[in-house]
Ligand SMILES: O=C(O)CCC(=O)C(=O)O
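Encoded as structure tokens, the following chain is the form predicted alone, with no partner shown.
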Amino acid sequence: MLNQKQKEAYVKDGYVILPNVISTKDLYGMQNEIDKWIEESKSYQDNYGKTKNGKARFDLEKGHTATQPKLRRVANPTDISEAFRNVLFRGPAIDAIVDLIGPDIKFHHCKLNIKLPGMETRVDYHQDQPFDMHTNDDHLTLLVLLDDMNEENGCLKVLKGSHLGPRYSHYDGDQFVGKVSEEIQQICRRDSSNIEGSAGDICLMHTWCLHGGKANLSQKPRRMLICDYTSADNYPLMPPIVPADETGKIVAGKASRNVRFREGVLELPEHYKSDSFFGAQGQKGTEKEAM
């Protein structure tokens, strides 16, 4: 599905953007589900719903009300929605992943990030793999743009080539904070490139890429689906922080009984107490024990 230039861009930059991958039907299906969840969230004051390990599925930003809903994350929407399973378990997005780390591919977990107008949620710069360390680096993040995305409404920003190293600590002293040091944050804010595109586009990003994003300062929503995949011979070194019902599901090719290891020393994450990594990064939500 990817041409040679696109494959080379992924190897060099750590990410590649592919336009018009998600069909209009699938896009509308997911957008309609999100609209229902936002409407449902108006009936709650605190984070609600339960995932497989007891964390809240629906994560609300501080200041959420019925008149100004601030649903900022839905954990593993594939657990509760066929519309999301249709996109993340089969179809052209999977074909694109096969071209980069295939032929045998496993689903790990997914989440939906929502930046509605008036919300303050941002994403401090981090790498994805330090949250879910695996035995090798054939591990990528699929980003599905569910709205048009640009600088104004808080698009994702990625530091080109950062997947090539170093592997940064996501601790502050003894506490896992889910982000790199302020010194590296400043470099990222200065040098990162915008991931801009239209609803239905996808971005394939290496899990060692440094990335983050500002708050949505526009009057337009910015909703993005995020999903981790690995090669079949790539195994997690610890249980997922937010496991999905289908974690480990083979979505292309076949399972492998072999485990492939990369050489090196890896820093394992700490399972944060908050319902989502926004809490680990210090952004308050409505949960009673938000960090």
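All residue numbers refer to positions in the sequence shown, first residue = 1. These figures come from a predicted structure and were not determined experimentally.
There is another form of this protein, the form predicted in complex with the named molecule, and it is not shown here; the text below is about that form.
Check: Quick one: which of 120-128, 99-107, 192-200, 160-168 gets within 4.5 Å of the named molecule in the predicted bound form, going by heavy atoms?
Finding: Result for this chain: 120-128.
* To do: Given the named molecule in the predicted bound form, answer whether the residues Leu156, Gly213 and Arg222 all have a heavy atom inside 4.5 Å of it.
  => Every listed residue reaches the named molecule in the predicted bound form, so yes.
Next on the checklist: Please tell me whether any heavy atom belonging to Phe277 falls inside 4.5 Å of a heavy atom of the named molecule, as the geometry stands in the predicted bound form.
Outcome noted: Looking in the predicted bound form, residue contacts with the named molecule include Phe277, since a heavy atom lies within 4.5 Å.
Quick one: does Arg73 come within 4.5 Å of the named molecule in the predicted bound form, counting heavy atoms only?
Arg73 belongs to the contact set for the named molecule.
*Would Ile226 count as a contact of the named molecule in the predicted bound form, using a 4.5 angstroms cut-off between non-hydrogen atoms?*
Judged by the heavy-atom cut-off of 4.5 Å, Ile226 is in contact with the named molecule in the predicted bound form.
Check your understanding: Going by a heavy atom distance of 4.5 Å, is Asn113 a contact of the named molecule in the predicted bound form?
Key -> Asn113: yes, in contact with the named molecule in the predicted bound form.
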